[in-house]
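Single chain ahead, written as structure tokens, the form predicted alone.
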Amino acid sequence: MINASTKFIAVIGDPIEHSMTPVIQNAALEALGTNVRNIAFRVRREDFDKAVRGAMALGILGLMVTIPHKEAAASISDELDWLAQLTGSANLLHFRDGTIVGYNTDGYGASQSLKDAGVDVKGKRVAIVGAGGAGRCLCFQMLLDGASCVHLFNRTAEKAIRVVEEAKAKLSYENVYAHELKHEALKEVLKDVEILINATSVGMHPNENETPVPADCLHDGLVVFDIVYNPLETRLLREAKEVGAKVIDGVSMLVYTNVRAVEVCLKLTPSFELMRQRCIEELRRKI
């Protein structure tokens, strides 16, 4: 029960109504016996700085940050963890002793999700769709995890080019390539790729009929990982499954970022299994 002593962790983004974070994190926080709860707020781009300063003033413990604020979250931070500093993108802000500490836990969440599914990135050819905060992070993470090459696709090629140039400069990797997100380029590149990751919000509720990659670009030699978790099976995953590809949904990545948020803000480790089960139950209930 919420009372005057309750502390909060919040999740902010735009849109935010689809978020499973309050549902799953509150289940875990309750199981831990804490008087801490998670709440969600829709925050527009132009209100981001004010929202962060206001949350800090209100005594909120930390902010989980989703689309479209991850790069702004890194910019507003006084300190950054190593991956947030490397990528210029943060998805968790912790208010500590009057300072804002930014973390990037997306890379950790994605790596763990792939490992849990039995997928080893080392030596694999990877394609990532999206060069925003998540795509930028996953491009760096896949290179750090030993991918033999990474192809980064984005609707505006210039944004992908900037990320690729930065990855080459900061990580001294040469086998990373930028592409405009077009059917012909996808079809040509994906025929030789082993892991495909959607790092955009395309296909997310309520736009379930959308997909970032046409079905005729997919093949049975692919592992297809979609970071979108609502719906549980996106159109991309459904069409990938139909051609015999191995598919990985976005639930585990979401849960791992929630685990890290609680660990950072409370110094407690919540149950991964409880949160994943609760998320799947809630998503199935909404079908």
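As the structure is a prediction and not an experimental result, all values here were calculated from the model. Counting begins at 1, following the sequence as shown.
What comes next is about the form predicted together with a small molecule, which does not appear here.
Undergrad: Ala131, Leu143, Ile197, Leu186: which sits within 4.5 Å of the small molecule in the model of the complex by any heavy atom?
TA: Selected residue: Ala131.
Undergrad: Of Leu237, Val228, Val262, Leu218, which one comes within 4.5 Å of the small molecule in the model of the complex, counting heavy atoms only?
TA: By the 4.5 Å criterion, the partner-contacting residue is Val228.
Undergrad: Is it the case that Lys159, Ser201 and Leu254 all touch the small molecule in the model of the complex, with a non-hydrogen atom of each within 4.5 angstroms?
TA: Yes, the whole trio is in contact, each within 4.5 Å by some heavy atom.
Undergrad: Answer with yes or no whether Gly62 is in contact with the small molecule in the model of the complex, where contact means some heavy atom within 4.5 Å.
TA: No.
Undergrad: So, Met56 and the small molecule: in the model of the complex, are they within 4.5 Å at any heavy atom pair?
TA: Output for Met56 is no: heavy atoms all beyond 4.5 Å of the small molecule.
Undergrad: Are any of the heavy atoms in Lys70 no more than 4.5 Å from a heavy atom of the small molecule in the model of the complex?
TA: Close contact exists here: in the model of the complex, Lys70 approaches the small molecule to within 4.5 Å, heavy atoms only.
Undergrad: Is the gap between Leu181 and the small molecule in the model of the complex 4.5 Å or less for some heavy atom pair?
TA: Because a heavy atom of Leu181 falls inside 4.5 Å of the small molecule in the model of the complex, the answer is yes.
Undergrad: Select, from the options 62-70, 238-246, 47-55, 25-33, the stretch whose residues sit within 4.5 angstroms of the small molecule in the model of the complex by heavy atom distance.
TA: After filtering at 4.5 Å, what remains is 62-70.
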